[in-house]
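Only one chain is included here, represented as structure tokens and corresponding to the form predicted on its own.
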């Protein structure tokens, strides 16, 4: 087999978070979501138990038996469970470290029972907690991936603190989940258009868009808007630049050995199967060239920016995203997606 005919090491999947609109409105069941993924050739399934598995964390043995039957029916596999840590669960006090560790272990047990190899960890979970849970993760065979999510980035001090711990522990069961939101090349048009519908000032919309593309510091953009006589809505639009960022994909190279999973976040796919704001065309070649071997799971978040005015079509958006992924990761045939 020649190099050009090898199977891509990057595999496609979908976070069922993408279908939250249709699931919440009861237009799609959990099985409908899985079936839609399989129909696109996206066989890796990422799940959020709190959102789509009623009764979590007290799921019955029958639930897990049904889940595995569902995976077998559609030829899909569980790849990632997205955990949450409710540190304010108890009235009047925060969780102790030991309670946090037990909660993380609870989620690891769930991930193992689903058949996941990865568990997404929210980036506020402190390294000390994860180190205490690490032996159990190794026992479960589930990798804990701390999500690198905007406004943090690959070289942020808080992220580097995890890297130091990962180097010290030297365990393959502690790494990162990369969120594509840190590669926001342009202010997402779908967000700007919602601000426009709400009454943002057209000239200020154009200014904020242009300054984002120039990589102008957010505080300067916000100050500009104030000096232009911006309304509270205009200022809120400018403040969004604090939470979106563009990272140089070359900075991925150093962190790549630690990345165990990728969230293929996206806001809007156009009719040519191109994301309108995120740098997929720049990032995926870096992942391929430097040997990323794992899943990229589509994570559609544009729904929340159009639901005020338009019917949300998550399945079509995810399908377009999957076609783009198939093209970029080098699948020989993408027409089936």
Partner chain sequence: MFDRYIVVEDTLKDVPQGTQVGVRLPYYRGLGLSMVEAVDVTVDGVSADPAAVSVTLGDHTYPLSTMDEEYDAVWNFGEIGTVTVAGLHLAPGPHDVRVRLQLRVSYLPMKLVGQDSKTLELAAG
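Numbering follows the first chain given and starts at 1. Fair warning: this is a prediction, and the values are worked out from it, not measured in the lab.
From this point on, the text means the form predicted together with its partner chain, which you will not see here.
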>> Given a 4.5 Å cut-off on heavy atoms, tell me which of 181 to 189, 83 to 91, 211 to 219, 247 to 255 is the interface stretch with its partner chain in the predicted complex.
In response: 83 to 91
> Among the candidate residues 61, 293, 308, 32, which is the single one with a non-hydrogen atom no more than 4.5 Å from its partner chain in the predicted complex?
Replying inline: 308
> Should residue 288 be classed as touching its partner chain in the predicted complex when contacts are defined as heavy atoms within 4.5 Å?
Replying inline: no
>> Quick check on residue 51: any heavy atom within 4.5 Å of its partner chain in the predicted complex?
In response: yes
> Even though its partner chain is not shown here, does residue 20 get within 4.5 Å of it in the predicted complex, heavy atoms only?
Replying inline: yes
>> Check residue 304 for me: does it contact its partner chain in the predicted complex (non-hydrogen atoms, 4.5 angstroms)?
In response: yes
